[in-house]
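Read the single chain below, which is given as structure tokens and is the form predicted alone.
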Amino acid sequence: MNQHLQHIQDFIESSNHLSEKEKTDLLKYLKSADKDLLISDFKLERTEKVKRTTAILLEETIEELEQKQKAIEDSNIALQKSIKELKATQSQLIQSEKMASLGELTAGIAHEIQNPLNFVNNFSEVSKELLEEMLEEIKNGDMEEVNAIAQDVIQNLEKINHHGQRADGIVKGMLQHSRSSSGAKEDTNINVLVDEYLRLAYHGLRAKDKSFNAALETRFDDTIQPLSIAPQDIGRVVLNLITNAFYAVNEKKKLLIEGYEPQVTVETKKVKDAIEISVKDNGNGIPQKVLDKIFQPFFTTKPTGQGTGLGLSLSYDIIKAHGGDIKVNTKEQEGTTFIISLPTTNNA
């Protein structure tokens, strides 16, 4: 019993004016109060212990959370660094793939430039002879012949200008192909773009392998309007598909199958709200067991050194970036068709 209650108990017991029954009742209440006070003290002490324990646990938890937060921040920094390095590596790989395809195009480009240069040289020589002839006619005073020769020279100069523009266009296309794409879209004639890369790919392969030959068939939909695309990117996709088609028919030709005639068909057509570009070959087709992997980076069925395994992967990314789709239909021993679908709406 605490000191204060003890004083009260002593006072009750020594009081003469209280009866024995009153003293007994008061002492009973006093003991009950003392008991309640002891219980309250015990509960208060236990609460204090819980508070101290909780404070310690809370402090440990905060410290643990701070350590985890720092670990997450460190992981985030490392992840950002890895992403940056990955993007840099991806850019280098894209540039390598681009330069590899440019190398394949070199012979085709040389062939395409040689044709207009031949025209320019031939018409220049003819024009020089005509001008020399004109001088003679001027001396002879035959102005009617002079006018006729002048008309021929003008026509020759128009042809020289036309073929000069053609060579200029080829060089600009080559430069566009070698540059990093800005992704900027511009209205582009799909038929002209596909036809140009088809010829470049064919002449490029022919320049490397004189024995290569394939029947080329084009079906261009003349109703297709100019489409807003990144032309060098889509051109790269078309080039990749056509190069793969040439490779497929050439490989099948090596098998010396009786009656086999290599054939590659390129087609464009408008389908509802999309433009489809399809490249079909009658090669060996793609085995079903690898069909699901062909759009994976670095996957290739070509021998080592003949393919980076990035062509179809990059093509897939480019088409998806244009909001389009790329599908493949293939049958072993019969051939493969790749179909690119580009939306005509919301592609500006």
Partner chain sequence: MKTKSIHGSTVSNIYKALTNALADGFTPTVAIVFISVKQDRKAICKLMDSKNIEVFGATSCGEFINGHQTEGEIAILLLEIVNENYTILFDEIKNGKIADTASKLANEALKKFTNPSLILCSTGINLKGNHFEGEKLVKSLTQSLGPDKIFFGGMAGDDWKLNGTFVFTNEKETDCGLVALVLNGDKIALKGMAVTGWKPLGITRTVTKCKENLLYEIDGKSAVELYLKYLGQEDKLVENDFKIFEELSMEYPFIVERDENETVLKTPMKIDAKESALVMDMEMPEGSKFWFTSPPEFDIVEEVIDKATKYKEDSREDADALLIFSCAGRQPILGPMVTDENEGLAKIWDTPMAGFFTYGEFGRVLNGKQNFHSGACCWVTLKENV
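Residue numbers count along the first chain shown, from 1. In this text the structure is predicted, and so the values were computed from the model without any measurement. If you superpose the two forms and keep the largest set of C-alpha atoms that fall within 1.5 Å, you have the rigid core.
Below, we refer to the form predicted together with the partner chain, which is not included among the displayed structures.
Single option in 61, 32, 69, 288 placed near the partner chain in the predicted complex, where near means a heavy atom within 4.5 Å: Exactly one listed residue reaches within 4.5 Å, namely 61.
Can you check 277-285, 314-322, 22-30, 35-43 and let me know which stretch has heavy atoms within 4.5 Å of the partner chain in the predicted complex? In the other structure, the partner sits against 35-43.
The partner chain in the predicted complex reached by all of 47, 53 and 57, non-hydrogen atom within 4.5 Å: So, yes: the whole triplet contacts the partner chain.
So, superposing on the core, is the move of residue 37 at the CA at least 2 angstroms between the shown form and the other one? Yes, the C-alpha position differs by at least 2 Å between the shown form and the other one.
Core-aligned C-alpha movement of residue 320 between the shown form and the other one reaching 2 Å: No; that C-alpha moves by less than 2 Å between the shown form and the other one.
With the core lined up, does the C-alpha of residue 292 move 2 Å or more between the shown form and the other one? After core superposition, the displacement of the residue 292 C-alpha between the shown form and the other one stays below 2 Å, so no.
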